[in-house]
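Laid out below as structure tokens are two forms of one and the same protein chain, each shown alone and named structure 1 and structure 2.
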Structure 1
């Protein structure tokens, strides 16, 4: 099928988040892990390419995104979406703004929007300020993120150092008046030369108004939720054919493993809740891994009954994470954990695991790469923005869910396994 909509995400969990929300429409959504090496074949109406570029050097992020754009254009995509985190994770140098401007230039567009709101998961934007629940972004746990600490809540101030063209705002008062009012505001800002427009959203209904107002724009940017209404909007106006292909979920054996590398506040709660249920668990120590490798963890895993869905985790409190980073360096500490969890994923698959619950963006990237999971079909949603995905790995059909750190409730791991 010819692709209509092509999305590029800056990390793997963000890509599954977006793919899951698009799949609510029932239309087949295909998730590619990295830019495919082969030309497009057997593509879906909605194609999502997951990159690992969120914290990459700006030049590398631009290069990867440009390659992803080229593949999506070759697949026939006519609408494009640049997906980043709902907490706008970036540094003053990028990569959100530079990538957006590169895409604008490549597609020949002179204006786009920025809307990382995800009301179902407590992310809202009011007067250009991003809130996580009831907390401004800069007062939320994101202020202590080990790679992208967010110390300002105002999206315009965060974006301005990253771009070369003017930044403006379409506030909630405009959005609340409906799609026509928002279109008029965007048009007025365009006449003023404003290329980058932050758009407020505090409730799901706002997302539908934004999607309606912006559905004809060639390029949109934001979190996953603002793209959620687009499939049905395209079906209504005939842009997407009503008989677009669907996806049927396969039956799988129940052996499973849970792999957690995220150190977010919610993932800490999820690990604690899962362990309280008496599930077998093993905590990775980055300092021990640096000295001895993952052998002890692999030996432990080899002795587990995979029908009990054992947990292997590096999830820890911020002070523990900081201590390990001071000893090993931020990048090295992360790399050691990712490699260990990737090794455990392969060992679990080879021992019969067919269901993999993975927490953390960097961890998800390492695990999917190790499992050679480069194309996934998107299935049922477990929690808002977190679906089960299905693919082949070493000749076996497997299911993966790739959870962004703060997504899901405390019982997410159990709920994920119960979903299938």
Structure 2
């Protein structure tokens, strides 16, 4: 199948989120972890490449994105999407603006849009200002982010230092008038030489107007939600053939394992709720892992009945995470646990597990790497932005769901397992 739409995401769970929303339409969506080493064969109509470039040095982000673009072009893609975080995570250096400008140059386009809005998840843009729930971005917890503190809520002001060409706005009053008015506004801005257009969106319906107005633009940029209506828009206008290879969920053995390395507030609740159901569970102790390795956990796992979907978790409350980090160092503690969970994933697969519920962005990276899962077909969504994905691992068809910190509700683990 020839690829129509190629997306590049600046982080792993962001790519999963985008892939899940695109797959809501029923078209086949394929998610690649990193730029594939091999040239494209058997690609999906919608291809998403996950990079790890959000906080990389600008030059590295440009180089990686350029390689991803080349692969997507070789797959036949004609429409491109640059996906970043719905809180516009970036610094005055980048990487959102520089990457967008590089993509524009490479694709020969003189205008693109910026729309990180995701009304379903409380991200809205009004008069160019981004809100997180009811708070302006710069008053939200994002103001204290360790790597990309967001101290301004105005997207035009945030973007300007990151790009070389003029920045403008298509505001909500225009978007509310519909796709035609938005197209006219974009055209007028283009005549004035405005290359980078922030587009307001406060309600879900705005996203449909924006997708309708912008579906023929070669390059769009934004959060996952603005891309969500595109598959259906392409099916309606015939850009995508009606039979665009739907993905059929394969039948899989029900043996499962739940691996949790996220320590977010929501994951703590999810682990507690799962244990309350009386499911078998094993808690990893970072200090014991540092001293003795993952042997005890692997022995415990070897004795489990995988049809009961046992849970192995390092998930802990902030004070015990801090204690472990003080003893081992932040990076070392994280690495030891990620490695242990990755080893458990491989052991579980070799013991017959075919369904893997994984909590934590970094944890997901470690587990997919260990399972050599670098191409995933995206299936049904469990929670907004968290789909089941299917891939081959050591010659076996397996299913994985990769949940970043605060996604999903308290019963996510059982909801995920019940969904297949």
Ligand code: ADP
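No experiment lies behind these values; they were computed from the predicted model shown. Positions refer to the first chain, counted from 1. Rigid core: the largest C-alpha set superposing within 1.5 Å between the two forms.
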{"property": "Which of the two shown is the form predicted together with ligand ADP", "result": "2"}
{"property": "Core-aligned CA displacement of residue 129 at least 2 Å between structure 1 and structure 2", "result": "no"}
{"property": "Core-superposed C-alpha of residue 357 shifting 2 Å or more between structure 1 and structure 2", "result": "yes"}
{"property": "Rigid core superposition, residue 86 Cα moves 2 angstroms or more between structure 1 and structure 2", "result": "no"}
{"property": "Per-residue Cα shift, residue 272, between structure 1 and structure 2 [Å; core superposed]", "result": "7.2"}
